[in-house]
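The form predicted on its own is given below as one chain in structure tokens.
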């Protein structure tokens, strides 16, 4: 009796479920596409605080332009420090590349130079070293776009740095992407072969739609499940359906082979996209820092968005030095006693009065002083770096900058574990 009921139910479901599933799938896809809005950011705030603070130190970043026209070029330049505090859970950047994070192809990446070397492929960067980089972009799609620098690391994914809004004006239809080929001719890569691309995509979309329609209108997922449940799993796929599957497979392979042969015949001169990695990228040859820092411990007060670090600082140089800035995860916390004028940097990442010291006087040559540095600003929360209080080891990392009267600047990496405090003091 049970088998007969399941069989009858399977027949009913088979008669109508396929069409209902196909219609439901099409409606779901249409609703999903219709409700999708434009991307405005890249989710960098969703990355763990320890990952953003302890991997990369971006500084001296400059966007050559923030308002450009379609086809106009602009640059992003700066320095990238690979932190010594690099977490063990993330693979070190033995294979990585500097990239740009943006909402789709709003600008073309024309070229990237790291350490003065053109790097169109992956490269190796060493922990503890600092590298200069330059990225050249060409504006493509009009709009108001948030553009990041980022380092994409093998197995670790993209680690974004600071971002700036770029306004692109003009008409998208005017964009061109000229590329010189090996034979000396120049093509517009934006439209080159676009007709063939559309035709091939349309062809395979039609094939895929026909394939889905065929199987969903035969019995559908639920109908086939009922057949299996009723003990007729050997009859789920009929000989006719096996024949259709074999013919479709053979035809697909034939089309692929013929298409590949035509492409290889028409375009015999090609080069691989990846032909090896760049090694020995030159790092910045910085003079030895006269500053030695010993981290004595610290706290992070969650209600006050305040990080305090107790340090023993030794100045072994010939000039007095002042602490002027702390950078972590692209955020800049400035000492207003050192930075007395406006700084050109994205406002959402700039805390102009975010750094203070227990003793703000300059550290004299040969002096060793115990100093408590307070780094306080709401941006700890808005950029979700306060999540360090919930990490397993509650560790932070960043770069502390010292300034001399002669204009010299020294960068010292600072890191350590802090004790989180969840109660106001």
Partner chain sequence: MLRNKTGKTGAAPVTESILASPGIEGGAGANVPRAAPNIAFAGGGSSPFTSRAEAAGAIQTADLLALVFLFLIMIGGYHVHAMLTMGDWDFWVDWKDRRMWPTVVPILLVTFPAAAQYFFWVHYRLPFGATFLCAALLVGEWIDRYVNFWGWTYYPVNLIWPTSLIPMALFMDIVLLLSRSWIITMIVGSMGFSLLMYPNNWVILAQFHLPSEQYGQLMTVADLIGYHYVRTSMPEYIRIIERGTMRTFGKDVVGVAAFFGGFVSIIVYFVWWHVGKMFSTVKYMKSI
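Numbering follows the first chain given and starts at 1. Heads up, when I say rigid core I mean the largest set of C-alphas that superpose within 1.5 Å between the two forms. A quick note: this is a predicted structure, and the numbers were derived from the prediction, not measured.
Unshown form predicted together with its partner chain; subsequent notes refer to it.
Every residue in the set 97, 111 and 273 has a non-hydrogen atom no more than 4.5 Å from its partner chain in the predicted complex. The stretch from 244 to 252, 78 to 86, 287 to 295, 317 to 325 that comes within 4.5 Å of its partner chain in the predicted complex, counting heavy atoms only, is 244 to 252. Scanning 154, 352, 132, 337 against its partner chain in the predicted complex with a 4.5 Å heavy atom cut-off leaves one residue, 154.
Between its partner chain and the residues 127, 90, 281, 212, the one pair within 4.5 Å by heavy atoms in the predicted complex involves 212. Its partner chain is not drawn, but in the predicted complex it has no heavy atom within 4.5 Å of residue 74. Contact annotation: residue 300 falls outside 4.5 Å of its partner chain in the predicted complex, judged by heavy atom distances. At least one heavy atom of residue 204 is located within 4.5 Å of its partner chain in the predicted complex.
Although the partner is absent here, residue 194 lies within 4.5 Å of its partner chain in the predicted complex, judged by heavy atoms. Residues 213, 214, 215, 216, 217, 218, 219, 220, 221, 222, 223, 224, 225, 226, 227, 228, 230, 232, 233, 234, 236 are the ones in 213 to 236 with at least one heavy atom within 4.5 Å of its partner chain in the predicted complex, listed in sequence order.
After superposing the rigid core, the Cα of residue 242 is displaced by 2 Å or more between this form and the one not shown.
Comparing the forms between this form and the one not shown, the C-alpha position of residue 324 differs by less than 2 angstroms, with the core used for superposition. Core-superposed comparison between this form and the one not shown: the C-alpha position of residue 268 differs by no less than 2 Å.
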